[in-house]
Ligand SMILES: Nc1ncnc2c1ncn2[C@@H]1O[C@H](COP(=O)(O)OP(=O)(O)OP(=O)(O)O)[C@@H](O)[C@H]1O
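Just the one chain here, the form predicted on its own, laid out as C-alpha cells.
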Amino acid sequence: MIVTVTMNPAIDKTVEIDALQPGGLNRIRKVEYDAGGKGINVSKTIRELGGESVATGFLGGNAGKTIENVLNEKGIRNDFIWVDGETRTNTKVFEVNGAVTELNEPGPVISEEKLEEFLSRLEGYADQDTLFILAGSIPSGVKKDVYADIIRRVHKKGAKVLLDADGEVFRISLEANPDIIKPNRVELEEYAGIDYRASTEELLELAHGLMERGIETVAVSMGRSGAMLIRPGYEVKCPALSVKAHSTVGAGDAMVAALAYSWDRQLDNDETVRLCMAASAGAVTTIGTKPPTREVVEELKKQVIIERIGA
C-alpha cells in the first residue's frame, strides 16, 4: 500500500499569459484548475501509471471540498482530516518564454488536536507492506520536525518512508533515516553547505554519506542534466530525455510517484530508472500539474539511456 501525505494541499490555478507586466494589466490566455500539493500530485501520477494509493493530509472549506471531489472523480482513494479555515489556492503564472511566477497562499493553521488525530490515523495505515510518501511544505501551526516524528512512528510498525522535502524540514527529517529520498541537485547542495554546482562525483559522495546512515535509496533529480539513482551495488545516471517542455512543474512529483510505484510493484533497478526518467519527462510536457498518461510514459521509456557511474 502507498500512502501519500500532503499536509498543506492546494488548488493549483495555472494561468498562461504572453509576458508578465508587474504593476500593469495582464490578460490571461488560458486558465487551468486542478487538485494539487506534492503528495496529491504523486497520487495522481500513480493512478495514471496504473497503481493505487491513499491520499491523506488536511483539508478545509470549499477549496478542500473541491479537492476531495476531484480525487473521487479520478478514482483516488482519500482519507483527509478536516480542519477549520480554507485550503489554499496556489497560482502559477506561465509566460510564453517559459518563465514561471508562483503565488502560494499560506493555508489554514493546524491545531495540536487535529495534528495528533492525523498522526494516529497514519499509524493505523502503517505495516511492513506500506510505503508513506512525505512530500511538500508544512502548514502553519506544525513544527518542522513533524516528518521526522512520522518516520519514527511508522518505522516502529515496519513501514517504509519516501521523503521529498527541502530546507530545514529535509535536514531534520534525515535524522529519522527515511528509506528513500529524492532531493534535487540544489536541495542536496544546500544540505551539504555547497555554494557551487557540485560534480557527479561530489553528489555521489554525498549520497554515500546518507546511505551510511541507513537510507536505502537516493534519487537525485538534476533538471536538464538528467538524474542519478544510487542504491547498494547500483549506481547510475541518466541524461535528460528530449521532449517538448511546457513546464517543469510536477516533474519531481512524477519521479517520486514512479519510485513509489516501482517499490509497490517490486520492479528491478533498471526498470525503476526507466520509469522514473520517463514519468518525469512526461510531466514537463503537460499543462500545470497534470500527470503524464501511461501511454506517454511507455513511449518515453524507449529513450532512456542508463549509464553506470564510474563504468
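These figures come from a predicted structure and were not determined experimentally. Quick note: we count residues from 1 along the sequence shown, nothing fancier.
Not on display, but discussed next: the form predicted together with the named molecule.
Checked against the named molecule in the model of the complex, the candidates Asn90, Asn184, Thr130, Asn177 yield a single residue with a heavy atom inside 4.5 Å, and that residue is Asn184. In summary, among the residues Ile172, Leu210, Ile76, Met222, the only one with a non-hydrogen atom within 4.5 Å of the named molecule in the model of the complex is Met222. For the chain shown alone, Ser43 is not a contact residue for the named molecule in the model of the complex, no non-hydrogen atom being within 4.5 angstroms. Of the heavy atoms in Lys38, some are within 4.5 Å of the named molecule in the model of the complex. Interface residue remark: Gly252 is counted as part of the site for the named molecule in the model of the complex, having a heavy atom within 4.5 Å. Although the partner is absent from this view, Ala240 contacts the named molecule in the model of the complex, with a non-hydrogen atom inside 4.5 angstroms.
Of the candidate stretches 197-205, 224-232, 77-85, 119-127, only 224-232 has residues with heavy atoms within 4.5 Å of the named molecule in the model of the complex.
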